[in-house]
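We begin with a single chain expressed as structure tokens, specifically the form predicted alone.
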């Protein structure tokens, strides 16, 4: 079985974020980066599947699209248990839309004939949730999104999905398939020191995005900006009986709610 897991490197969301000078994306100067949380669930689930298969032949590849810095993230995925890495090098990946990213991955994956592809449900920076389903469509694979439980038995995938309003659904599908992973699917492992050392010897193939063919964008970002800050709220303290009178006075003075 051949398994692919796709991972994205994103800015540390606890950092101070702001738009770049072109107002098209984040200013990445001095920003720390990390693996996208949903993609970390995807890596863990792919590694678990490989482990569950035991002695059955299984090759697990982790792939990322991005600038040279994503190599560090790929090494973490290798330390978690992936067998080899693929880096589609693209310095402009942050400006590409989901169609372009999915097309780059599909251009590589269609030659490899993967049985199962795991991705995160969405990235925490863009949040489009479109790369996984678009990749499945490009490859002609079945697809299950927002998966919170996964199993493979007898050549059939059983996936439990989280729907709107907290509802759940269970679907069955046959490989080849794309699975997008949601919060709660698993608990990602911490790479151990021996596995970190082993990861240094695992191969990482580097491909240029131009070699795979960059599609024209379907979605163009015109402007990226922080929302304008609005005035702060008014906090009233005291007993409820006294506060009621204050609220009425404020409404009369500052609004038209109580004006005849």
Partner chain sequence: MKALLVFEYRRGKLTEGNSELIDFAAGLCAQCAGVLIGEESALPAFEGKLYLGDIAVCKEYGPELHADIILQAAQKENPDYIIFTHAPYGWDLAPRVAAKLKAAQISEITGLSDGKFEVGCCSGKMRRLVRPATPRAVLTLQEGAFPFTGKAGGTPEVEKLVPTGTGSGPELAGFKEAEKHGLDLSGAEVIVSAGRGVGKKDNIPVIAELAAALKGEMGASRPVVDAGWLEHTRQVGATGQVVSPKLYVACGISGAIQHLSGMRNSEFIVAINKDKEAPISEIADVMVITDLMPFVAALTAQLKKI
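The structure displayed is predicted, hence computed values, not measured ones. Basically, rigid core = biggest C-alpha set you can superpose within 1.5 Å across the two forms. Positions refer to the first chain, counted from 1.
Only in words, not in the display: the form predicted together with the partner chain, which the text now covers.
Of the heavy atoms in residue 124, some are within 4.5 Å of the partner chain in the predicted complex.
Using a 4.5 angstroms threshold between heavy atoms, residue 169 counts as touching the partner chain in the predicted complex. In the predicted complex, the partner chain stays beyond 4.5 Å of every heavy atom belonging to residue 33. The partner chain in the predicted complex is not approached by residue 200, whose heavy atoms all lie more than 4.5 angstroms from it.
Shown alone, this chain has one stretch from 101-109, 85-93, 133-141, 72-80 that lies within 4.5 Å of the partner chain in the predicted complex by heavy atoms: 133-141. Scanning 210, 205, 219, 193 against the partner chain in the predicted complex with a 4.5 Å heavy atom cut-off leaves one residue, 219. Heavy atoms closer than or equal to 4.5 Å to the partner chain in the predicted complex belong, across 161-193, to the residues 161, 162, 163, 164, 165, 166, 167, 168, 169, 170, 171, 172, 173, 182, 183, 184, ordered by sequence position. Core-superposed comparison between the shown form and the other one: the CA of residue 250 exceeds or equals a 2 Å shift. After superposing the rigid core, the C-alpha of residue 18 moves by less than 2 Å between the shown form and the other one.
Taking the rigid core as fixed, one finds a CA shift for residue 170 smaller than 2 Å between the shown form and the other one.
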